[in-house]
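Quick setup: one chain, the form predicted alone, written in structure tokens, and binding and motion questions come after.
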Amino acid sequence: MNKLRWGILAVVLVVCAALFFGFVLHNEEYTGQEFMFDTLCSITAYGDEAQNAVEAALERAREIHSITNGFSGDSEVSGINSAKAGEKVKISRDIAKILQTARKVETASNGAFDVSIASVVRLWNFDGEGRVPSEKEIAEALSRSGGEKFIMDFDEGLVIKKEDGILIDLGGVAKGYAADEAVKVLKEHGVQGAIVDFGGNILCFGKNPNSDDGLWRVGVQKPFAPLGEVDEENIIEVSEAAVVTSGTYQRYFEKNGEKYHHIIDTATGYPANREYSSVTVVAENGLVADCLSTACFVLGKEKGTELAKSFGAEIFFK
């Protein structure tokens, strides 16, 4: 039996730990970790209130995890998914922010990014042993996806489904938003610099005390290489930014000698077949970078690059 192969991190990026964590200068250093969003979430902060700040930031991330977790019957996402057509579903400010950004990227990418592709993704059973659905199953599931299936009133905080059976999945974007919110909390507590790593969704701000130029350096995982192996010639340098990667090596299964990865082409319902294995996006915030990394992978190099640039982001294909 072929078993589903998971990347240890949902989005695998490797931070150069020796540069980031192996030093203490004038400021207090504190690292906090917690398993959320199906991955290990880690925050390392520097400053007099580092510990309190990290604990508060993790609590904020915990709140976001609880409302976006589609596997929990009490979450807001589950409430949307179980609602009937025409039913007004009240959503929180957090869910509204996520969906509003997701809608912007969906529109800009002509649907290459779509949180309502959940019905198709579930057919492939990436959370289990993996299965290859039939063309009929995929066509039927595709008919139940697309942003036009929803009415979203962000001012009133309402979501209304136009048809029964429409599902959303925020698993691909919740980490980015949670990391953004964690950074806000850290700054509110006076943290002078920090690294937020939510399953490989990396956000850095402040100065790197171990770097002469104050920059943070992030290495991107080599596709299908042992965990932690990075391309030393392509280290990404940032001062304050989000670095997010989507790759075929992170979550996939094999059937009859074929690899099937989790990045679904919304036009076909099948894993996007591209000449590269990963896309890394560097953007101002994690939520946008999360959405773009998936959309750009599906679109291909030319259109993906155009999309990233339209959001003021940098993009790297590997």
Ligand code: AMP
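Note that this is a predicted model, so its numbers are computed, not measured. One-based numbering along the sequence shown.
Missing here is the form predicted together with adenosine monophosphate; even so, the following discussion is about that form.
In the predicted bound form, at least one heavy atom of R251 sits within 4.5 Å of adenosine monophosphate. At least one heavy atom of V298 is located within 4.5 Å of adenosine monophosphate in the predicted bound form.
When contacts are judged by a 4.5 Å heavy atom cut-off, T266 counts as touching adenosine monophosphate in the predicted bound form.
Put simply, D197 is far from adenosine monophosphate in the predicted bound form: not one heavy atom of it is within 4.5 Å. Residues with any non-hydrogen atom within 4.5 angstroms of adenosine monophosphate in the predicted bound form fall in just one of 231 to 239, 117 to 125, 83 to 91, 154 to 162: 117 to 125. Checking A112, V191, V183, V77 against adenosine monophosphate in the predicted bound form, a heavy atom within 4.5 Å turns up for just one residue: A112.
This chain appears without its partner; in the predicted bound form, the one residue of G206, G171, G147, P223 with a heavy atom within 4.5 Å of adenosine monophosphate is G171.
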